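Here you get one chain, nothing else, as structure tokens; it is the form predicted on its own.
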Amino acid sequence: MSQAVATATSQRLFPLFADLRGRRVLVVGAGSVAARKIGALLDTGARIRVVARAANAEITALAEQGRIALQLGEFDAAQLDDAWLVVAATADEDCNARVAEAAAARRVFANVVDDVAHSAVQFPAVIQRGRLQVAVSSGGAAPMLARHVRARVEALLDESLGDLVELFERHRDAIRTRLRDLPQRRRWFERVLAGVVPRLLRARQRAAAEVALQDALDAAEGVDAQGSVLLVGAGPGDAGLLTLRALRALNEADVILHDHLVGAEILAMARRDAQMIDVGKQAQGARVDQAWIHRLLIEHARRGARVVRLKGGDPFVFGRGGEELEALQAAGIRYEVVPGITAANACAAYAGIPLTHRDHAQSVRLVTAHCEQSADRLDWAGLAQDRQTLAFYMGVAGLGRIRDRLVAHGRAATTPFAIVENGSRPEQRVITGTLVQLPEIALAHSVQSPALLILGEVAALAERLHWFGAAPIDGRCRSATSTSHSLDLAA
């Protein structure tokens, strides 16, 4: 594959809706493929000129109706002089390449049918609801897939959306005048879209919908301008594990305060114009003052913003969600909590480890032991009992301490463990072994945060039940049995 083709197929295209009214579009070719492209252009108001050696009946008929201009003959680069866009749709690859080359020289966008390397623009698969358009593109790599996605989206969008666009346009100036504050205007739109107006339009009661929208606008001053905070669980990393409520919160947010480990794939699902603030904390790394996070949440909410505090896993499982709610309550800020899939559930599931099992574990404990002080407060005698599963959060920095105290309180040195690193993400890694070798195995395999330690008989099932990513690594193959104690690992 040439470098030019590789670049054309790998880089992201910029989606753009072009206003072609009164502008010249040149189509080179007049067969069935060209006819499809012309059909997509007819309703745009473009001045369509077709150049071809011969034209089929459909294109000839359009010319006779005066809807296009048809010129029979060879393509000439001078025909591009007044064009804004050119479509090359001939069966002659050399001719198509000449069209693309001439267009590039004149800075005219060119679409060459079924030729990604020579195309500066692609024609997307389009869903049309009046003036509302949804375009789907694979960048020319898989047009049939784009059409499949279009068909799926088509089924979700009611025809009445076109009427809704027209309704909002008629009242646009009044809406902007009445609701000058952007967050307040956004919340008003959300209420209208969740209310009776769309339902009336679906029932083809356009006059009633007009009255309902005017009523909502008359009551616009009653829309509360105070902001709010949503504590949202982002799950362990896989964007597919976001809840629908979490996704909706990201799409409605004005400001997003997110943990450092919330991945780019999840952040990309947020509103494009939302303000992103990284307030994350990493073990052994720079600490972010929790009080500063509280101040940010309160300040943005008081300015009228809808704030999302986006946390990895679940906000109420070692996420300091309770502390943040206490600060918000004391400041009189409204809040909601959107639970997330916590790391213990997700990491165990993606590693093929059931946290409870009738034969092996009748209970599960979620534990954090990231520092000496927190470790001193744990009930190690209770944790050392068998027939239970332990899931240690933030435990990478103190694996030697965990091993030493569990063994000292009676947990069998042969108890299986599994360390799940980057759980649910494409780079997930699962490392197994027995308790007595825990810190040595982690050190030998350079385990890094984020990682979750699962300890108990169920961890041994990872070898047989794994299904996601690479097979578990048996750490005992690289670490000699050791009974040394007091080995701590840096995260």
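These figures come from a predicted structure and were not determined experimentally. Counting begins at 1, following the sequence as shown.
There is another form of this protein, the form predicted in complex with a small molecule, and it is not shown here; the text below is about that form.
In terms of contact with the small molecule in the predicted complex, the residue from F318, F168, Y335, W380 that brings a heavy atom within 4.5 Å is F318.
Only one of the listed residues (I353, V420, L231, L390) places a non-hydrogen atom within 4.5 angstroms of the small molecule in the predicted complex, and that residue is V420.
Here the chain stands by itself, but in the predicted complex one stretch of 450-458, 59-67, 43-51, 29-37, 450-458, has heavy atoms within 4.5 Å of the small molecule. Among residues of the shown chain, T342 is one whose heavy atoms approach the small molecule to within 4.5 Å in the predicted complex. I298 falls outside the set of residues with a heavy atom inside 4.5 Å of the small molecule in the predicted complex.
Heavy atoms of A327 never reach within 4.5 Å of the small molecule in the predicted complex, leaving it off the interface. Although the partner is absent here, V86 sits far enough away that none of its heavy atoms falls within 4.5 Å of the small molecule in the predicted complex.
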